[in-house]
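Okay, so here's just one chain, in structure tokens, the form predicted alone.
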Amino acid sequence: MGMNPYKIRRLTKLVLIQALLITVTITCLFPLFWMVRSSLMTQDAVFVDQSIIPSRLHFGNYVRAWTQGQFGRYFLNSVVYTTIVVFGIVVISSWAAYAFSRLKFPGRKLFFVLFILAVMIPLPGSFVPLTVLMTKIGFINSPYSWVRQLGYILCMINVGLPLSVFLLKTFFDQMPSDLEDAARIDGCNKMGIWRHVALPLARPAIAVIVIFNALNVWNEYLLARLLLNDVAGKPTIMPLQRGVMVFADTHNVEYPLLMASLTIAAVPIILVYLFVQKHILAVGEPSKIDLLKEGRLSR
């Protein structure tokens, strides 16, 4: 008995889709694998050893890259910048998105349109006005390192706000008004509703915002180069990407050390993604808001 033609077409379509996805996955992961592989080899073996996994692993490349490149300070700076900027974006964008979605005030639609228009402005296009603004305010030329760092953090928060506000507003728009009424009966004010009702329901959107902005801040280099100036004799305030560039200029022909430095820079943001991936994957599934509307989830 032959197989149903419909099942054959369905199976063929499934196989083709899976083959395409596997190909794309391999294409994306292979550069990362090659980077880690090269970081565990010697300078001579990089061009000679053709095996997938090196016969001898040289973890000393990471020690040399960390110590010679002074990555400790750069790494700490990037962690501080990324943490503060992402936290600031999540808090401010959730406040703004909740206000645009649930509150009524004059000019609400106009302000939201301005936020959306800001998404269309690429970051390099704002370099000149940001630099001029920070110079006039006094953030760039300040003798205090923390003032220059504050200026950089405020700029990065400003860059991440438009898209974050847009994503969160779409979630808050779907929130049933019955939930707000129930929260008011329980004694919650507007801040309480935002904290205990709106934010938990928007967890998938917040996860996307966290990984997107963390990646943006962690890999940012040009704006930091313009706004952050080191002072001789004081610890550097530059982020990790600056340390990688300095190290690359010094060791531009030592490929294992370069690959080790790039791996050090890539691992933290990969760990952040792995930590929030379950929330990102939940974006495509029925949300708590949908389940509440359908009566399949208790309040």
Partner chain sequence: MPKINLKHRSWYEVKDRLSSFLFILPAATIFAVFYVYPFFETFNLSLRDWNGIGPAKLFVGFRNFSDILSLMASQQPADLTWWQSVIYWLKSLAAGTLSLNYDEVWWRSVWHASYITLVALTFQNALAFMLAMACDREIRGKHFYRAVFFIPPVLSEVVVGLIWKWILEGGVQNGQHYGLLNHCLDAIGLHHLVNDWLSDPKTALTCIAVVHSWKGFGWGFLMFLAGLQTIDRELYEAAKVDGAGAWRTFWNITVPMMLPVIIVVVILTILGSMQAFVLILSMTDGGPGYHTEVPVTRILAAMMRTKEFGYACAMGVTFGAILIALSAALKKMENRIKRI
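Positions refer to the first chain, counted from 1. Nothing here was measured: the structure is a model prediction, and the numbers come from that model.
Quick note: we don't show the form predicted in complex with its partner chain, though the next part is all about it.
This chain is displayed alone, yet in the predicted complex one of 182, 92, 84, 76 has a heavy atom within 4.5 Å of its partner chain; that residue is 92. In the predicted complex, its partner chain sits beyond 4.5 Å of every heavy atom of residue 67.
In the predicted complex, none of the heavy atoms of residue 53 sits within 4.5 Å of a heavy atom of its partner chain. Although the partner is absent here, residue 200 is not a contact residue: none of its heavy atoms lies within 4.5 angstroms of its partner chain in the predicted complex. None of the heavy atoms of residue 175 is located within 4.5 Å of its partner chain in the predicted complex. Within 4.5 angstroms of its partner chain in the predicted complex, the stretch 70 to 102 places a non-hydrogen atom from each of 92, 95, 96, 98, 99, 100, taken in sequence order.
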